[in-house]
Structure formats: C-alpha cells, structure tokens
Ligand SMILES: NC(=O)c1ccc[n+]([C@@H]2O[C@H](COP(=O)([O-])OP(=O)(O)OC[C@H]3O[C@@H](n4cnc5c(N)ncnc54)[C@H](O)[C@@H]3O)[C@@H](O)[C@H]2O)c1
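Listed next as structure tokens is one chain, alone, in the form predicted on its own.
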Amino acid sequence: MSDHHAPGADFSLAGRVAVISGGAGLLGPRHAEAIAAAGGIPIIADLRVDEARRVADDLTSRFGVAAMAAQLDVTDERSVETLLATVLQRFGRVDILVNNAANNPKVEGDAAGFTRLEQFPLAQWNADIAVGLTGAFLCAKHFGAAMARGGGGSIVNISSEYGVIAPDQRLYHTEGLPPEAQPVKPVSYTPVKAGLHGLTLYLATYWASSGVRANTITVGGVQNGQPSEFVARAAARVPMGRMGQPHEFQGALVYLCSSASSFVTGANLVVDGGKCAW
C-alpha cells in the first residue's frame, strides 16, 4: 500500500450506495443530505414510504444523485431481506449502512405518567428494543454481510448521549405534578442506545478482516421545536451552552462513511457540545 494519496479526496462518497433506516425521521433526511452532497446514493428507508419519497425526490433534484425511497420495517427480517435484494438488483452493491431507526417517545410537554419506570409497559419496552436494537442487528446482519461479500463498507450506528450518560430527569420536571406523576425519559432509551455501541464493537471486530468498518455516532440533544423553557434547561447542561442543530452531525457521518476514516473502526464519535465530558 502506497504512503501517498490525494489529500482532500478522502471525504468523497462518489458512487457509494448508502442505506439509511428511519430515513424520513428527524435526522434521517440530514444523514441522506450529507451523503448526497458528498456524491453518494442515499436509499431513504422508512415505514412511512410517502415521506421517504419526498426526501428522495428532494435530494435527487438538489444533488443530481439517484436517491431512492423504500418502505422498510426494521423489526421484520423479511422486509430487510427484500430491501437488500432490491438495492442489489438496482445498484449491484451496497457500501454504507446508517442504522438510524429508533423509537423516541417525546417526554417534554407530555406529562403521561406511563413513562415512569414503575408504570412502564412491557409492550412498550419490547417495541423500543425491537426498533432501536433488534432492527439495527437485522440491518447489520443482512446489509453488513453483503458488504463483507462485496469487499467492504461502513456501518454507522446512530446513538445518543443517553447511551453514555443517564438522562437528567430534572429536564422533564413539570411544576404542580406529584413525584409519582412526573414525566421522565423512559427506561428503554438508555439500554437501547448503550446497546447500539455494544453492537458496533461486535461488528467492528467480527468483520475487520472483510473490510467492513463499524462505528457509532453519539448524538447530543437536538433542538427541534421544544418549548423554550426546555431548550434553556437543556442548554444549561451543555458546556457549549446550547442544543445541537440537525445539520451538526453531518460532518461526523461523512467522515465515518468515507475513506477519510479508513483506519477507524469500533469508535464512538460523540457529537454533543461537550455534555458527556462534564
């Protein structure tokens, strides 16, 4: 292998086919936009296929790439297998998997007592694990295996700061409610997000000799129309003094998907304004 390479070319994703689960959600379209802007071909995979089509059409017109929308239920192995077959038939390859699909129950502004651990329904726990963790496993199993057969690729698991630190439940405190009725970030959230990085570690070592890299992006709190009081509380817990914007994870994603990170696998890239450092 030569020691010489063209600086500046490493970040290109030209011609690379990238499957993004939950591609029509809050961050999914931003992930797809970053990949398209770097020359990649984003596959917007989501249960809400109409929303996915809107995202794909927008990216195709803006970036001139062959973005594709697809319906995907990450909890259904047959759905995952069907999408892989479709992608391989259409493009002949898959280079990137972004495991982005997750349940994210809104807590702020919602005083539903069911979020508390003592009342949290088993059915909701199972649903959150199924989407956020089992879905990532199923996508990695099939798309990762295709990458390993095809000479390599990049898997990026999108996690949360709450996979590294516990939720600060004071963020969700609602005046006038007794302690047993206070809303909290649900108990399922942290195990799912911590488990995603555990999956990253397993995949990174499992497929290292096949050229498949696996990494985690740990995302800090994202500002997305929350009440101003909540935003102020959240910002006070971040060294940089603010919540993240949806576009601020794009550079990390392009880096981990591209050859710029060719010797990076099993890493957890924390993009949180310094919150986990406190």
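Remember, it's a predicted structure, so these values are computed and weren't measured experimentally. Throughout, we count residues from 1 along the sequence that is shown.
Heads up, the form predicted together with the ligand isn't pictured, but that's what we're talking about next.
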query	finding
Non-hydrogen atom within 4.5 angstroms of the ligand in the model of the complex for each of 65, 211 and 259	no
Answer range among 234-242, 32-40, 215-223, 56-64 for contact with the ligand, defined in the model of the complex as heavy atoms within 4.5 Å	215-223
Contact residue in the model of the complex, chosen from 72, 155, 94, 136 - any heavy atom within 4.5 Å of the ligand	72
Contact flag, residue 171 vs the ligand in the model of the complex, heavy atom cut 4.5 Å	no
Close approach of residue 104 to the ligand in the model of the complex, 4.5 Å, heavy atom	yes
Exercise: residue 189 in contact with the ligand in the model of the complex, heavy atom 4.5 Å	yes
Heavy atom of residue 142 within 4.5 Å of the ligand in the model of the complex	no
Residues of stretch 13-42 in contact with the ligand in the model of the complex (4.5 Å, non-hydrogen atom)	22, 24, 25, 26, 27, 28
